[in-house]
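Only one chain is included here, represented as structure tokens and corresponding to the form predicted alone.
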Amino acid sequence: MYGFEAMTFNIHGGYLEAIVRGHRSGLLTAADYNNLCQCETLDDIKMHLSATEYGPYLQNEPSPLYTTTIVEKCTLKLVDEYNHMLTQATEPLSTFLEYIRYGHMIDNVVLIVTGTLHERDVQELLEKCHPLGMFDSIASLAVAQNMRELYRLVLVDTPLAPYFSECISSEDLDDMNIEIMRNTLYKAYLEDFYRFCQKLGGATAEIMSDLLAFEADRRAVNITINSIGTELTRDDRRKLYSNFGLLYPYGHEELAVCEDIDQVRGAMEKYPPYQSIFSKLTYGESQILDKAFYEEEVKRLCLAFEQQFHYAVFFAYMRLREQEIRNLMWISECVAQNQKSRVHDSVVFIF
């Protein structure tokens, strides 16, 4: 299973693996979530979180609290932990940690470009960007009119530059083109990350292959569902699917021709790992699909901690912490809007 990793891994990676496993023990438990779901106000949520690792980040926040403040402070904790690990890391772990950021970079690029298209204030957009995906020239994205300018003026100097080769065109940016750009970038990013993990070999390659394949398959399903009823052709849809994963290549052929959610369900139920996800859906329903995918992902991420001497624990920890922040955002929104009856709808328990 491990090859010879056990002999050399701890020379450079032992300290940080211990750190990340320590951070993992600070994730909120089912008991914490049950207590949070009983809260009546955002101040109650803050009081409960003060006994967790989020305490120091929220303790100086005055009332009245807002959901955005809670999410911002919890994200700040994640960013601080990530930066600490990155500064301590040596190659190839430092490159692996950098790869984790690229997804947020792509989201930030799309957020700025979409916001500019809808004439939103750039400063306001920058505040909404994820801190892990920030880079020096991000504010300059607002001046680009098409993909070619976007690349030439800004992105050529960022780590995303290689991923842009497939989507440089002179077409003006509109909502449809931006969404295609997001998915093309993600496809190139996931394939590049997958190749990098294969090169690392050992347990890292084994576990990350499974996690990235799941991500690629989930994106393929989401692209299919979101493009039903749009002018995106079957060939265009197929081009947006990643060239790896459990669904590659035969599942992609089936998804490319799906015309409604029930056909997607029929195609996916042929694959045993996804049967349990799609069996939860009643026909014609896609709302709970996201939650079902998140629950399956969390299960796989937790399993990554069962093995030692590999880098997948860093990826798993970052994803689990991001899921925890999504949970806190949902609970806070439900409490703030007095929708306590819906509080369990989107919470994904981690442990």
Partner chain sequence: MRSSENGIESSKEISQSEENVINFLDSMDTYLILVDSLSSALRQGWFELASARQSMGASRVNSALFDLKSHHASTTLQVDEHEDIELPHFTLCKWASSDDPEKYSEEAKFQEDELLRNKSDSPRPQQRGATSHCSEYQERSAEIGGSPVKVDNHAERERFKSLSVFGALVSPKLRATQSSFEKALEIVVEISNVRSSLLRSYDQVHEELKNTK
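Positions refer to the first chain, counted from 1. Bear in mind the structure is a predicted one, so any value in this text is a computation, not a measurement.
Form predicted in complex with its partner chain: not shown, discussed below.
Peer 1: Based on heavy atom distances of 4.5 Å or less, which listed stretch (223 to 231, 150 to 158, 194 to 202, 133 to 141) is in contact with its partner chain in the predicted complex?
Peer 2: So the stretch in question is 223 to 231.
Peer 1: Any chance all of N35, G55 and E296 sit within 4.5 Å of its partner chain in the predicted complex, going by non-hydrogen atoms?
Peer 2: No: none of N35, G55 and E296 comes within 4.5 Å of its partner chain in the predicted complex.
Peer 1: Residue-level contact is defined here as any heavy atom of the residue lying within 4.5 Å of its partner chain in the predicted complex; does E269 satisfy this criterion?
Peer 2: No, no contact at 4.5 Å.
Peer 1: Taking heavy atoms and a 4.5 Å cut-off, does L76 contact its partner chain in the predicted complex?
Peer 2: The answer is no: L76 has no heavy atom within 4.5 Å of its partner chain.
Peer 1: Is D235 close enough to its partner chain in the predicted complex to count, meaning some heavy atom within 4.5 Å?
Peer 2: No, D235 is distant from the partner.
Peer 1: Heavy atoms within 4.5 Å of its partner chain in the predicted complex: does R300 have any?
Peer 2: No, no contact at 4.5 Å.
Peer 1: Name the single residue among L97, L125, L185, A256 that comes within 4.5 Å of its partner chain in the predicted complex, judging by heavy atoms.
Peer 2: Contact with its partner chain in the predicted complex is made by L125 alone.
Peer 1: If you apply a 4.5 angstroms heavy atom cut-off, which residues in 93 to 126 are near its partner chain in the predicted complex?
Peer 2: Stretch hits, in order: D107, L111, T114, G115, L117, H118, E119, R120, E124, L125.
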